[in-house]
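The chain below stands alone, shown as C-alpha cells; this is the form predicted on its own.
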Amino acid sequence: MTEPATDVPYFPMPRAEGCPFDPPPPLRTTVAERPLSRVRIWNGSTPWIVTGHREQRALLADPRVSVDDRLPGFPHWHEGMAAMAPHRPDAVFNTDPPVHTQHRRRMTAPFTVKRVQAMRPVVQKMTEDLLDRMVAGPQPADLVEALALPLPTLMISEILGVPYEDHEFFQKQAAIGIDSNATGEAAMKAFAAQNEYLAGLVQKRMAAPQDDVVSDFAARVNAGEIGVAEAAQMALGLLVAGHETSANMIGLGTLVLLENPDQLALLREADDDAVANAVEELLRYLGIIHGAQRRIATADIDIAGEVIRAGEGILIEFATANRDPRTFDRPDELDVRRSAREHHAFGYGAHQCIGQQLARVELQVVFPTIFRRVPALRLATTIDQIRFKQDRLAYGVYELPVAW
C-alpha cells in the first residue's frame, strides 16, 4: 500500500519536547501495528521505513537488501552523502558479501573481545585523568567537552595511530559530514579534507610503519591487496564511528541517569556484570542512531503484508525497534536490571558495528567511574535548556552543564 507523497511524513522527524529520550511519536505509533510504512526524505523520494524489531532482523539478514549507496534510488541521508557516494571506493560500509566480507576481515582484528578487554585499564586511566581535570576546573563544567568527546576520541586515535593533536580538525570535518543540514558542497569539502588527511597518513605508515591499525592498512597497500584510497576510506569510517557514537552515548547516558535517580542508585550498587547489563539497557533505551541505517532492495521482497519492490529505498530505524513491545516488556521504561541484549543499537547481521566491543568497554568504565569519582554530580541547568542533536545522524546533547 503506497500513500500519496503529500500524505507521507517527513523523515528524520524531531523527538517530542518533554520526551527527549523517546523516539519520534509518529514512528512509535507504527511499530506494532504497521512495522513497515513510508516516509518522505530530503530529495522528495518516499522510501520504506522499518520500525518493527523482527522485520528489521529479517531484512538485515536478507541478501536481497544492499548497502551499496551507488545504486540508483539509494535513500541517502542527505544531499552531501549523495554527492560523496560516487567518489567513495569499495569499503566495508558500502559493499555486500562477498566483497564486504573481505573488507570486514581486514578491519576486525583490533576489535575482538580479547583485544578490547586488554584495553580496559587504558580506558580506566583515561577516564580518571579526564575527570581529574574536570573537577580541578571551574563549575559548572561541560561534561561533553570534558569527558564524553575526548575519551572515545583518544581511544580510537590511539588504536588507529591518528595523532590526537589533530582531533579538532577531524572532529570538525566529521561533524559536517553527519550534519543533515550540511550542503552538498560543504559535505564534499569535509569528505575531501578527511580523505586527503588519512591518505597522507597511510602513505607515511607505508614508509615508516608503527604498531597501529593504519600501519596494518598500509602494509596491505604495500602488499598490493588494496589501494591507498581504500585504506583511507577504512580508516575514515573507523575514526568517525569510533568517536561520534560513543561520545553521544556518554553525554546522553549521563543525562538520563541524572534524570532517573532510582536507576542511578542501582548502577552505583552494581557489580561488573550488573554494570554490563545496565549499559545494554542504556543502549536500548536511548537509541542514538537518529537518522536510520540506509539500504536498497535489489529484488522484490514480501514482508509483513507489504512488498518492497526492487530499487526501492529502505530505512532501518533502530531507536523505535528498540521500543518494540512485541520484543521488550514495558519498552518505554528505563530498567537497568532488565536483559536488553536483543537491542539493535549496534545494528544486526553482516554489517553489525565492528567497534561495538570497544564501545561497550568504554561505557562500562565511564558510567560507574563518573558517579564514583564525582558522587555529587548534578545537572547545572534544567533539562528543557539542554540542546539535543535533532539534526545529526547520531542523537545526543551538544553540551551537558554539570556541577558537583
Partner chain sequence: MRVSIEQDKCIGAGQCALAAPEVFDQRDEDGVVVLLTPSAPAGTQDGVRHAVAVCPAAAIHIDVED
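Numbering follows the first chain given and starts at 1. None of these values were measured; they are calculated from a predicted model.
Keep in mind the form predicted together with its partner chain is missing from the figure; the text below concerns it.
Enquirer: Residues in which of 22-30, 334-342, 373-381, 38-46 have heavy atoms within 4.5 Å of its partner chain in the model of the complex?
Expert: Going through the listed ranges, the match is 334-342.
Enquirer: With its partner chain left out of view, which of 109, 175, 85, 274 would have a heavy atom within 4.5 Å of it in the model of the complex?
Expert: Going through each option in turn, the one that passes is 109.
Enquirer: Could you spot which one of 76, 104, 167, 189 gets a heavy atom to within 4.5 Å of its partner chain in the model of the complex?
Expert: Contact check passes for 104.
Enquirer: Is there a heavy atom of residue 117 no more than 4.5 Å from a heavy atom of its partner chain in the model of the complex?
Expert: Taking the distances in the model of the complex, the answer for residue 117 is yes, it comes within 4.5 Å of its partner chain.
Enquirer: I'd like to know if residue 367 sits close to its partner chain in the model of the complex, meaning any non-hydrogen atom pair within 4.5 angstroms.
Expert: No, no contact at 4.5 Å.
Enquirer: Could you tell me if residue 356 has a non-hydrogen atom within 4.5 Å of its partner chain in the model of the complex?
Expert: So residue 356 counts as contacting its partner chain.
Enquirer: Looking in the model of the complex, any heavy atom of residue 310 within 4.5 Å of its partner chain?
Expert: Residue 310: no contact with its partner chain in the model of the complex.
Enquirer: Using the arrangement in the model of the complex, list in sequence order the residues of 342-362 with any heavy atom within 4.5 angstroms of its partner chain.
Expert: Residues within 4.5 Å: 342, 348, 349, 350, 352, 356, 357, 360.
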